[in-house]
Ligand code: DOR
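In structure tokens, one chain follows: the form predicted alone.
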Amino acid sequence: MILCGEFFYHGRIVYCCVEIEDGLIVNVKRDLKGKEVKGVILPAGIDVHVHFRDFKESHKETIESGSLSALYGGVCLVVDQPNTNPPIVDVDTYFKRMEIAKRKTFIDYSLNLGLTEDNVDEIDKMLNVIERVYRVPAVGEVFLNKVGYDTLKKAKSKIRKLITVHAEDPNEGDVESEIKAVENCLKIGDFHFCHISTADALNLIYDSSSTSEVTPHHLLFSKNDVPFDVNPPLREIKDRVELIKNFWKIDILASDHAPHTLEEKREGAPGFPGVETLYPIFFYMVKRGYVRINDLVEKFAINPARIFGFDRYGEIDVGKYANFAVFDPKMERPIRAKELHSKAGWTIYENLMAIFPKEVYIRGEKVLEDGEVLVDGGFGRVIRKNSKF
């Protein structure tokens, strides 16, 4: 199969034709003949921080509904987090969840392993067992209010694996808690820091060998803009402005998709759904000139693949999977919760302008066209250890 159109290729939008065999890009040239694809063709997104719930919290979200929501947002691969109910902190639960994903996921799926005070001494053995079958992208996200620095240090010494950290020091308050947590972690070693919300913490990470991740809600909203809680909390306007000024230092954009029912939100449950809206919001911001398209692709496709080790994802190039999100810049519209696909049924991004993808391809197969999903749950692949991921 050959697709031709305006592709994001080697750092810019160029007209070219992409030849695809067995889901992989095998040739990129201008003078091939193939099917014309109209729109701006970007690498499909990789969201490295989602909470797809399921198990005892299937009323909030499932792998099936969460992956469907991700597909509508132009995402081809997610990294799911282990703080489910029950949590993913042992081998049996890890395998059980991956079996669900194999049957239900619309997009490609991977899963972190949780770290606790109780399993740190066995974490290396658990990884050895799991990774005979599946590839574990990271250990974490590690909540420092549940796992102390000594345990984190022990885990770091035992495993050669990316560890992701929820950087809020339980002994500090507000903004200082994030900065102090990052400082303390950097004394231990290199980590991937989830949902950083302050420029000071971001600068510490930027000056180190660690990597950072920032969410849309910490970039777009201040503490008085949204009546619901999230961890880390939304900051003062001045903090948000400083974070935006340092946007170029961010390694990864991630949604931290954390769905709850509205009733649970009113009772104080922290977290916002967002896997479906991240790419559409930021592509609209590209159109308006607020964000460079290179920055968006880097932070939502290229860097997630590089940092988390998904070698065949993230770029449009020979040897990569043919994973594309096709955007028509004219198709801008306000976000409406009733039109989204998460079980949550609400969004803090209501009425923000966005451009949703009109087509999505995964491994060369068109899986979404003009709002219609063309595959069933189970089409997506779980990331296996011995596959060329």
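Throughout, we count residues from 1 along the sequence that is shown. Since this is a predicted model, take the numbers as computed values, not measurements.
Another form exists, predicted in complex with this ligand; not displayed. Remarks below refer to it.
Only one listed stretch (303-311, 69-77, 254-262, 106-114) carries heavy atoms within 4.5 Å of this ligand in the model of the complex, and that stretch is 254-262.
In the model of the complex, this ligand lies farther than 4.5 Å from every heavy atom of Pro216. Interface membership of Pro86, defined by any non-hydrogen atom within 4.5 Å of this ligand in the model of the complex, is ruled out.
This ligand in the model of the complex comes within 4.5 Å of no heavy atom belonging to Thr93. Contact between Asn231 and this ligand in the model of the complex is found at the 4.5 Å heavy atom cutoff.
Exactly one listed residue, out of Lys161, Lys180, Arg240, His195, brings a non-hydrogen atom to within 4.5 Å of this ligand in the model of the complex: His195. Put simply, of Lys358, Lys320, Lys343, His51 only one has a heavy atom within 4.5 Å of this ligand in the model of the complex, and it is His51.
In sequence order, His166, Glu168 are the residues of 148-169 having a heavy atom within 4.5 Å of this ligand in the model of the complex; the partner itself is omitted from this view.
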